[in-house]
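Before any questions on binding or motion, here is one chain by itself as structure tokens, the form predicted alone.
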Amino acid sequence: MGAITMTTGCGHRTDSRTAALETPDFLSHICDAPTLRLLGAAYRAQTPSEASQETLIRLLRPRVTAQTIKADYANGDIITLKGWVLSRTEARQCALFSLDSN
């Protein structure tokens, strides 16, 4: 897993810091944008207390790194969405990403 980078064509945010938070780097290499949005919508439905953009940004800041995601897996902080097992951080990134398409 690498550091978070913006994938061309996936997001439309003008704030580059928010764009970096919302894009799950590892998943963006194996999933297309519609799949990321689907996973994000599923996470927001399962976790309504974290469904707002403001809450997700607060939970993902100050930054997301590969180490953050590895720590989630190591600590068992995972969630299953649509058959995918994701770290909580990756799920939150997908949720933030999915809000950009609404």
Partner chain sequence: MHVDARQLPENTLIEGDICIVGTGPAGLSIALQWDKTPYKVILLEGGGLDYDDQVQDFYAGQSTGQKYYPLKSTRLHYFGGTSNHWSGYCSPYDPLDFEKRDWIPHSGWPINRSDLDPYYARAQSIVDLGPCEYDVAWWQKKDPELRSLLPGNPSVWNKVWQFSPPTRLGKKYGPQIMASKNIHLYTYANLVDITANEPVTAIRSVTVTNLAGKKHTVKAKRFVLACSTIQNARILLSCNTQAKNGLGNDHDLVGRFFMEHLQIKSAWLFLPKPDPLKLYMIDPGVTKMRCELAITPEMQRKARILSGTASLLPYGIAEHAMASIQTWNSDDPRKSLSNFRSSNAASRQKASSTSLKASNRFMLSTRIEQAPNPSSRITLNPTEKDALGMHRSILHWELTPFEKRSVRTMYELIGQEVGRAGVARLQLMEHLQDPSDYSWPEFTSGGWHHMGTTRMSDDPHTGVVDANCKLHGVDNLYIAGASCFVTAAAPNPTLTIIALSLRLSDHLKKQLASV
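Residue numbers count along the first chain shown, from 1. Please read all numbers here as calculations on a predicted model, not as lab measurements.
The same protein also exists as the form predicted together with the partner chain; that form is not shown, yet it is the one meant from here on.
Although the partner is absent here, A41 is not a contact residue: none of its heavy atoms lies within 4.5 angstroms of the partner chain in the predicted bound form. In the predicted bound form, no heavy atom of A45 sits within 4.5 Å of the partner chain.
Using a 4.5 Å cutoff between non-hydrogen atoms, L60 does not count as a contact of the partner chain in the predicted bound form. L27 belongs to the set of residues with a heavy atom inside 4.5 Å of the partner chain in the predicted bound form. Against the partner chain in the predicted bound form, the set I69, A74 and G83 is in full contact: each member has a heavy atom within 4.5 Å.
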